[in-house]
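Just one chain is shown here, as structure tokens, and it is the form predicted on its own.
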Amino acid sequence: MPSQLKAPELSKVDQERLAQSGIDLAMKNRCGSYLQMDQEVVHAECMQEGMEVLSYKKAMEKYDWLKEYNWKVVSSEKDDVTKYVAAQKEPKGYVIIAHKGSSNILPIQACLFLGRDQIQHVHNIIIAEEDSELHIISGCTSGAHVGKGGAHYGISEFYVKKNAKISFTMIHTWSENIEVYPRSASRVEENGVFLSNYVCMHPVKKVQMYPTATLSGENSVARFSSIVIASPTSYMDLGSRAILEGKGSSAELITRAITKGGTIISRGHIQGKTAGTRGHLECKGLILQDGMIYAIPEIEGSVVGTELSHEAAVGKLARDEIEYLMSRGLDEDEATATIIRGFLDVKITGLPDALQKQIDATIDVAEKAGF
């Protein structure tokens, strides 16, 4: 069994924040772990046969062929964030590899913890080789007493090979003075499946991200699912994009967004470039307190035979639904929480039970805190 994660610097409060982010310090339900505190790699280990969890530095030293995957789906010249990370003399981050034919039932967990530093930067590479299946939960959080604030710059490159599958569930539990700039992209080959799940239900100063999946292989699949809540001080500019290149490829982009006074810009873009491709984009938002939800759905078809659709809706809690539940014995707060809980209940097809339970648990925590 993998050894327990050792993080003696963490207070009980910060350990609880890790738990809310899906990180199990005891590693009872994990087959491997990566833990980075600020810029220090504390732990990198995997006990699952056929899989490796390595620091970026060690992986590059071990495998010369990894250069072929370095800055290939995310350009180092994309923007100021990628340029900053690419310029670092000592790159940090992790490399996770599922070698050909391997699979993990218990997920690998990757934790990025921002405690003292002003900026945390990482460059991650995730590869699922042919006929493999890889499940990861990424818990990103900051210390409960981060001083003047900080920023997280995260570059993640995903490669899903023929007949392979990656499910990547990212749970953010930042502080209200933290800015977060993930930059990620994936390439999915023939019959490959890429599931990307994002959950952010705690206050954060700013999140700006727009992950892209390029479905280059025949019958490849991508599904993005996002669940976000914006507090009054939060500004969240996020979304996802799918490029359908392979014949028979398909994509689904689903977002559930709630504002409690903050701003959410929800972007979505599906581009159908080949006949026989399908895509659907859906964004539903609730305004609980005066704030902003701005949905920007885009579907772009350039050939005969691509089928694309989108749906966007923003509204408020229906009073008749609340009153109905109150007539069944719930008080107003309980009725409201029940409706919100149902609104956020997004089941992801193909997600392992362990990861779906973790998403459900995160929503439960938010519900107890009154969303």
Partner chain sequence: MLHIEDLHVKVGEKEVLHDINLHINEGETHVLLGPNGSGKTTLLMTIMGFSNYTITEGKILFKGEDVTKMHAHERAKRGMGMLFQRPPTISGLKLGKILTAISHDKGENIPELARSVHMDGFLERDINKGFSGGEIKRSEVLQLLIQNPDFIMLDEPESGVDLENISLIGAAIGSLLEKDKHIIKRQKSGLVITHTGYILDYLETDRGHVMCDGQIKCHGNPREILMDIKQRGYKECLECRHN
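Numbering follows the first chain given and starts at 1. Only a predicted model underlies this, so the values are computations on that prediction, with no experimental measurement involved.
One more form of this protein exists, namely the form predicted together with its partner chain; it is left out here, but the text below deals with it.
Proximity to its partner chain in the predicted complex, defined as a heavy atom within 4.5 Å, singles out one entry of M60, M326, V41, V314, which is M326. Taking T338, N29, N70, S55 one by one, only a single residue has any non-hydrogen atom within 4.5 Å of its partner chain in the predicted complex, and it is T338. Per the 4.5 Å heavy atom criterion, its partner chain in the predicted complex is contacted by stretch 314 to 322, the sole one of 45 to 53, 61 to 69, 314 to 322, 31 to 39. The closest heavy atom approach of E307 to its partner chain in the predicted complex falls outside 4.5 Å. In the predicted complex, K284 approaches its partner chain with a heavy atom inside 4.5 Å.
Using a 4.5 Å heavy atom cutoff, none of D80, Y84 and E90 lies near its partner chain in the predicted complex.
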